[in-house]
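Given next, in structure tokens, is a single chain: the form predicted on its own.
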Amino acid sequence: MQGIAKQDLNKVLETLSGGGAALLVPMEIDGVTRFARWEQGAKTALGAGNTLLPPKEALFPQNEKVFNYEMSNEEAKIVPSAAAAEETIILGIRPCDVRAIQALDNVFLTKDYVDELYKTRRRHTLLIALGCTQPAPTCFCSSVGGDPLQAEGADIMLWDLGETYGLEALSDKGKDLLKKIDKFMSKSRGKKPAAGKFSLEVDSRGIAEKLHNMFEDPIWDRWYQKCLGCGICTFICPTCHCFDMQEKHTGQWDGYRYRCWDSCMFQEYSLMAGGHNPRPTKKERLRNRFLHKLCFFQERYGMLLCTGCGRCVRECPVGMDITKFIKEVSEVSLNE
């Protein structure tokens, strides 16, 4: 394992951003922890635990133009948008959020569909993951297939060893990047740290198979009742990827279409043009959200859509807790 002294961190960040790459690191901005572009003199929040807002916006922006159009009496011309091919380094991303990006990769890059805007950003993004030595009270990544100290899919793994950060390249891109900061690195005597004990644990084994047969179960009649339908859980979730398509006219016959984040917890999300809504109440919308996280995505892509980051558990204003839901599902007898 190689290491860098914490006192050299700003020099390392300056070097990484000096080559023209956008270096995104955890920061506190207006009281909110999020990933933002590092500039000289900026203060990072690497030791503050997971950010409130996930780094998915670097790959899947909250608002994004999809195409421009021009129309005349004879023809319509569509010009697809192209994502900027800017090299991006996300440093300090936690293993649960790396796993979330793997889920987004499945959505936007597989099953005979490739989203070119996402593909371009993903191809030019390098992930430096920071292992978690002490899970927060709302973290439960190990209960849904994650590892707080190791991030499969990251390019470089980073661990806090006290006075130093330990580093290990996990990909060729990661090895090449470490060469750029070689002058700051030394052979680390530290060992990979052990993870602290999780205070929140739940058994998710077999949850998808069980929920597959619980679409009409009375559990939904109880769980939806205190939900406000505010959508906070979806907007701070690192894996939620619902979006709406909107149109903006820039002239009589010209304009563009763009996509923007949306939430399946909103009534308008599933409202059809003719006025019918297949999810008319919060019951159907909550059921759809939990089934997507814990059943449908597993069936389609082989992984749960919940990474155990704990953001929704921590921030829900009425205390909706997906871990309690999983536990209650495990106690349901389908033979009744």
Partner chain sequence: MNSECCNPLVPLPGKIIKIVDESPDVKTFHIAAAEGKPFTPLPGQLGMLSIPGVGEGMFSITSQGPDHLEMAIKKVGVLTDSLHDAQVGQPIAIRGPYGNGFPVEKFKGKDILFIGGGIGLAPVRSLIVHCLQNRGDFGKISILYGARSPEELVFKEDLFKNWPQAKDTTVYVTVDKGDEQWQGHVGFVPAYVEEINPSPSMVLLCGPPVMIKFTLETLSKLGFSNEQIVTTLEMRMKCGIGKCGRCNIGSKFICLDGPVFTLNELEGLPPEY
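Throughout, rigid core stands for the largest set of C-alpha atoms superposing within 1.5 Å between the two forms. Please read all numbers here as calculations on a predicted model, not as lab measurements. Numbering follows the first chain given and starts at 1.
Quick note: we don't show the form predicted together with the partner chain, though the next part is all about it.
Among residues of the shown chain, W159 is not one whose heavy atoms approach the partner chain to within 4.5 Å in the predicted bound form.
Under a 4.5 angstroms non-hydrogen atom cutoff, the partner chain in the predicted bound form has R257 among its neighbouring residues. Heavy atoms of E28 never reach within 4.5 Å of the partner chain in the predicted bound form, leaving it off the interface. At a distance threshold of 4.5 angstroms between non-hydrogen atoms, D262 is in contact with the partner chain in the predicted bound form. H241 is the sole member of K180, H241, H124, K210 with a non-hydrogen atom within 4.5 Å of the partner chain in the predicted bound form.
Using a 4.5 Å heavy atom cutoff, V114, L117 and M272 all lie near the partner chain in the predicted bound form. Look at 90 to 98, 244 to 252, 145 to 153, 164 to 172: in the predicted bound form, residues with non-hydrogen atoms within 4.5 angstroms of the partner chain sit in 244 to 252. Interface residues of 131 to 146, taken as those with a heavy atom within 4.5 Å of the partner chain in the predicted bound form (partner not displayed), are absent. Y69 is among the residues whose C-alpha shifts by 2 Å or more between this form and the one not shown once the rigid core is aligned.
In the core-superposed comparison between this form and the one not shown, the C-alpha atom of G162 has shifted by less than 2 angstroms. Relative to the superposed rigid core, Q134 undergoes a CA displacement smaller than 2 Å between this form and the one not shown.
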